[in-house]
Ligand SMILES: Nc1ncnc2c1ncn2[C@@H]1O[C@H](COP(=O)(O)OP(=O)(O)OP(=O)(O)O)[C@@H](O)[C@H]1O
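Next up: just one chain, as structure tokens, the form predicted alone.
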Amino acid sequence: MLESGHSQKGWTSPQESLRYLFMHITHLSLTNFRNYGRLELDLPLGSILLHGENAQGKTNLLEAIYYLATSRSPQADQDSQLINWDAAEAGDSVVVGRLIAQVATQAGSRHIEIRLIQEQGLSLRDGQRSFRRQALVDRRKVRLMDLLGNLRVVMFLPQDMQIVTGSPSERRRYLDITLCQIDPIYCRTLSGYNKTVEQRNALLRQIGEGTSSQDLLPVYSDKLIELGSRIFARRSLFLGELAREAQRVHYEELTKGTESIRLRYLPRLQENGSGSRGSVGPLIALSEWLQENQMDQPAIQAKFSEALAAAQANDIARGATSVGPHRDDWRFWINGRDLSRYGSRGQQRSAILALKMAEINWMNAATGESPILLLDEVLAELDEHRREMLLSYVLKSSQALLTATDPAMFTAGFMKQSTSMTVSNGRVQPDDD
């Protein structure tokens, strides 16, 4: 198993490996977030078990940390849902939800804050109260994307099985959130690309309706090619690295050499539905081509340009851009078969566990710091071997927060090495020793 001190250059000395253990939250503050009217909580290093009955706020704590790290909620579709219900209904002119984490890192302490501001005025779009977000790092306002990377997390959820069985958008979301925590250039490029897709799609609809000419289409297409080619290259590199580590973890640690798993990138550099189930051969070939040409941006741009040109007539008829990274996918194969179609529930769980463990090791190697682990009621779904493997990663991390309704599922040895806290009705109380 990879230790926290493993790097791409090889094993480090015990002294050097200490630098991988710095990132952790020392204090968490929540105001008007979910069921927390007000919370001030000091967090120690190591594993922290949050236990209590259902609907008491355990998951909300993990959600708050994940939101501070990624600017997204793993649970809510809209940020306005995160505001404390009682505060939102109080009728005040302005309601502010505030999430603050004091984070210790190799570079020193950071003060990370997100404000969720729900104002009295009504939004013209949906008739609800208007809503906006503010992000601050060290008490200075920044763009939301500039918040990313100041706090890095890996989250385990029961619904992570959707990464295997769900839609391509679920897998793209996982990919983008993981990469954006590490690579701000990728995140900015992705933001620009998504805006360009929206603009190009609006123009395609106008052309199809006869209310606009095609004169501006090359402008948006060229911008799409420039930004999208960088995204194709970065995703290819990332998924290649993640695939190798997931295969190692799965083969050596989870299945003891009995099953081989493969993660394949399926870049949408070709039209006509070649990404549908059962016809991924052309996309696999494109993935292999990208692996060989990751550093050749002109070649990637030329191939993307050719694909856009071939799809242009259909895109105008549909009013949407059919090729590009916004249509990408990636999947698992186990012993040569598509895991989402042919894998058992146990095999799918093993694949997700291998993926998350690979993500931890990849972040360690990429940043020199262990990410904070967030585990929401996932151990109950694992057999003894998988549980043991996951807890070995938990105990080696700089900081991990786990939720459970029943602490009895944890061994006495694990409890002895962990801090235990009871969560009840939006209050968190450290247990007595």
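All values derive from a computational prediction rather than experimental measurement. A residue's number is simply how far along the shown sequence it sits, counting from 1.
The following text describes the form predicted together with the named molecule, which does not appear among the structures shown.
Within 4.5 Å of the named molecule in the predicted complex, a heavy atom is found for every one of Glu53, Ile83 and Glu377. Contact with the named molecule, judged by heavy atoms within 4.5 Å in the predicted complex, is confined among 360-368, 27-35, 40-48, 381-389 to 27-35.
Taking the partner from elsewhere, Thr59 is found to have a heavy atom lying within 4.5 Å of the named molecule in the predicted complex.
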